[in-house]
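To begin, one chain is listed below as structure tokens, in the form predicted alone.
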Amino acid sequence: MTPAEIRSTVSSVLDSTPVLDIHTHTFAPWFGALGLWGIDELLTYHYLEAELFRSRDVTPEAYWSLGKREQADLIWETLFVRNAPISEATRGVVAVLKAFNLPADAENLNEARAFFSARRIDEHVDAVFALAGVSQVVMTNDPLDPAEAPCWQQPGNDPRFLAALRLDRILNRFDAHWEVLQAQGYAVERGGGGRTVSEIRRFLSDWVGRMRPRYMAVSLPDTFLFPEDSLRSRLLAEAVLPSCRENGIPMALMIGVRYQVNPRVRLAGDAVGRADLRSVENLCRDFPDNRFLVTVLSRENQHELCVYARKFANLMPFGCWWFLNNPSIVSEITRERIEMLGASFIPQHSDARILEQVIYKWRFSRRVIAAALSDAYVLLESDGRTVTREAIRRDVERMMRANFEKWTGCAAS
């Protein structure tokens, strides 16, 4: 194929391959109000809130005193009417509006609000997934969240939404949540003594049976170390990783957050720090029978992660997380991974918090991934290997869904 034919074929195959989005903060319709969608939620996403505070003389305290509609109106007026929406997050809102044939340059939100208020959520999910080219998404599910836990008493059955068992409250904030475990009937102790480890394993087994999660997961600070003399390290080694092995599911480590460097702006107040990835080395080496999904938040950690993936077959790098989800950085990371790992990684996840975000996040990501893959195939052809549509289709299928399905030990259905 010529370079132009290669680029056309890669784009065509990527556009026609349904994505399995392995990490989101979306919820199935049966979770009710926990699932966020619609124009007001899109506009009050914390990325846009952070831009608002840079672009208008309004304090966070004054902003938080407003209702949701007033907040959305303020952000629309500031970032979309008074300014051109050229940032990644604001362009995303524009892309969503265009996808639904709504005006992206209106003076107010009346038409957009009327459109979304008339939608039925089940049908809307189908439309959103079709526009995004997504077949399934993995949720983030925390059994210690007081708003979420009751939803699992009589769970729904929506094959579009898969579960992931989130462990942040157990591994990072056990002191603040051990009593919740006690209230659920688990004989844990605040300092981790007594039967705490075995009871957490029982808790995890119970919730794996209830949720059928594709993996367990935890978000970790840039200061994360393993091993270390801490309750988190002990619970990870003695409770969580044995439970993952017993249930045949991976452990996802999302490393590099600096929590609440500016608490005034709430969700927008977290930052990024470079982590010591020798902890990943220690985990992969000391627990060879565990499978790890790993993403790191710092740009400076990306090359190390690729190197470790070459050394440990039980390590799967995935996605360009949070602050990395910008085209220039996604391009750099994806190209580096292709050069070092071939197709043996998962290039992206949306991290969508609002349902409609999967539309723009996957449209934007496909463009970048297509360019990186196309360049790799053009080089391969010029070096003497014929590139075929079937080879491209096979690699794209691996990267966009099959690698994850294999890593989780079962087809996602």
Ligand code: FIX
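Numbering starts at 1 and runs along the sequence shown. Note that the coordinates shown come from a computational prediction; the quantities given were computed from them, not determined experimentally.
We do not show the form predicted together with this ligand, though everything after this point is about it.
Peer 1: To test your reading of this chain, name the stretch in 76-84, 320-328, 305-313, 155-163 whose heavy atoms come within 4.5 Å of this ligand in the predicted bound form.
Peer 2: Of the options, only 320-328 has residues within 4.5 Å of the partner.
Peer 1: How about residue 353: is it within 4.5 Å of this ligand in the predicted bound form, going by heavy atoms?
Peer 2: Yes.
Peer 1: If you check in the predicted bound form, is residue 253 within 4.5 Å of this ligand, heavy atoms only?
Peer 2: It does not: once this ligand is placed as it appears in the predicted bound form, residue 253 has no heavy atom within 4.5 Å of it.
Peer 1: Quick one: does residue 23 come within 4.5 Å of this ligand in the predicted bound form, counting heavy atoms only?
Peer 2: Output for residue 23 is yes: heavy atoms within 4.5 Å of this ligand.
Peer 1: Do residue 56 and this ligand come within 4.5 Å of each other in the predicted bound form, heavy atoms counted?
Peer 2: Flag for residue 56 set to no.
Peer 1: Can you pick out, from 345, 377, 362, 45, the residue that has a heavy atom within 4.5 Å of this ligand in the predicted bound form?
Peer 2: Of the listed residues, the single hit is 45.
Peer 1: Only one of 141, 219, 298, 196 comes within 4.5 Å of this ligand in the predicted bound form by heavy atoms, so just point that one out.
Peer 2: Only one listed residue qualifies here, and that residue is 219.
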